[in-house]
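One chain comes next, on its own, written as structure tokens: the form predicted alone.
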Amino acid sequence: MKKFVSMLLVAMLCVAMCATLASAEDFSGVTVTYWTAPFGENDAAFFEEQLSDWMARTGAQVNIEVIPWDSYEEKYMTGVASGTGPDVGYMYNEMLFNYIDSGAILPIDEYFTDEVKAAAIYWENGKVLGQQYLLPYVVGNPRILYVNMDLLAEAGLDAAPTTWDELVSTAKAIKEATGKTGFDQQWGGYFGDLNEVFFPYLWQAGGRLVDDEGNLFPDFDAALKAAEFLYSLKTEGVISEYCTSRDGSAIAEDFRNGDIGMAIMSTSAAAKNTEAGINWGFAPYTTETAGGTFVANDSLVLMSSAKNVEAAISLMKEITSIPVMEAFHEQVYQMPPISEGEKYLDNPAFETMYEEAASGFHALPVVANFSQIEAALYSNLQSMMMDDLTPEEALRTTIDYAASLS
């Protein structure tokens, strides 16, 4: 009897081992190409190190290509069109729609268990057109109002402004007390700067970028209110008269040199502000009709051209796993956790903000031709700041252009 039990246990162990081996991922000979944007000093080296265990475990190789921001969308367009694109890609909302609409990106829902979905904090953010196309990956980095508290103190104030009126009065007080620019914006950069210079004000005025049908600025009065406010910052001398020749790097440099009292930047800018010796405070967003500011909602996507879908999905899971994401947030790019159980490694100053103010964080919509629309909007608002268009003309010209693309 003992011999029979022993044999039975051995048999059961063999079955268990065989099942384990059968379920193990074996992608020997497979190379998965991953395209990403630069977040740190050497992203390729970081991922090669972090994914070494996955490669050893699965037998797969990863070809990591880090694409500069200024050519990112062009690289994807030419790569996908020529059949030389990645298996797994990093994409932001502005560039997604056409790839989804054309079938270049595949839905991923079936490849993830209910347990994994429940642990993914932003899983629902990955739905587009009713399907789960996106695996949320870089979610956070909201745009906030940084304040130089020393300059604020010189102006006799002790708290960051939280309304448009307070923003203006605080900027004027700083300028009067210190002779320095109280607040500034970048109107000489590129359309991505709208995340700092226009979109927050649109949401704060109670407006929307698009409605469910994709119509631009459905709450036109709110959009106009935001544009008119921004134009008044220029005409009243609140922001620099040279704002149309300055980009985001110039604004950040001046803030870190102590030459600007307030500026809207991403939370990831905090470390450099501290390194520069600035005694900074912040407000999550200034409010008018409602609270609101931009937040990144970038994702990993499975390309339909992936040579081995299972290997690509496995790589996506590994990149967004807790160990890799904790290392990413600690070593490369500070952001809040994307999974339950992941440590909070973003700046401690922002932890309460994420808990209390996140309802006012807005991602950009996934709609057709949004990057082209953004570029046109930035150009038209820039013309407004140069006195070539009125606020209403800038918005209506953009609406007409967006309609012409459909």
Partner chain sequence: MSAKQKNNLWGWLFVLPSFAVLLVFIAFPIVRSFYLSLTDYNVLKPPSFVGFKNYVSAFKDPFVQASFRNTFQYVLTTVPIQTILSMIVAAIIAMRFQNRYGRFVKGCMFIPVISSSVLVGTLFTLLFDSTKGVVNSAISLVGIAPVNWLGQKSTALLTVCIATIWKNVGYFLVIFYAGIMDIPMSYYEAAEVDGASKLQQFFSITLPCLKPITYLVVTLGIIWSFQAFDMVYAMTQGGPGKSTYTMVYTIYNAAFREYRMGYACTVALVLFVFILVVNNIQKLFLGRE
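Numbering follows the first chain given and starts at 1. Model, not experiment: these values are computed from the prediction.
The discussion below concerns the form predicted together with the partner chain, not included here.
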Within 4.5 Å, heavy atoms only, which of S304, T244, N93, N273 is in contact with the partner chain in the model of the complex? T244
Contact residue in the model of the complex, chosen from Q50, N347, S339, S371 - any heavy atom within 4.5 Å of the partner chain: S371
Residue stretch of 52-60, 65-73, 357-365, 30-38 approaching the partner chain in the model of the complex, non-hydrogen atom distance within 4.5 Å: 65-73
Does the trio M77, Y99 and S102 actually contact the partner chain in the model of the complex, every residue with a heavy atom within 4.5 Å? yes
Taking heavy atoms and a 4.5 Å cut-off, does M353 contact the partner chain in the model of the complex? no
Quick one: is E253 in contact with the partner chain in the model of the complex, heavy atoms, 4.5 Å cut-off? yes
Mark E392 yes when one of its heavy atoms lies within 4.5 Å of a heavy atom of the partner chain in the model of the complex, and no otherwise. no
Look up in the model of the complex whether E228 has a non-hydrogen atom within 4.5 angstroms of the partner chain, and give yes or no. no
Of the residues spanning 168-194, the ones with some heavy atom within 4.5 Å of the partner chain in the model of the complex are G189, Y190, F191
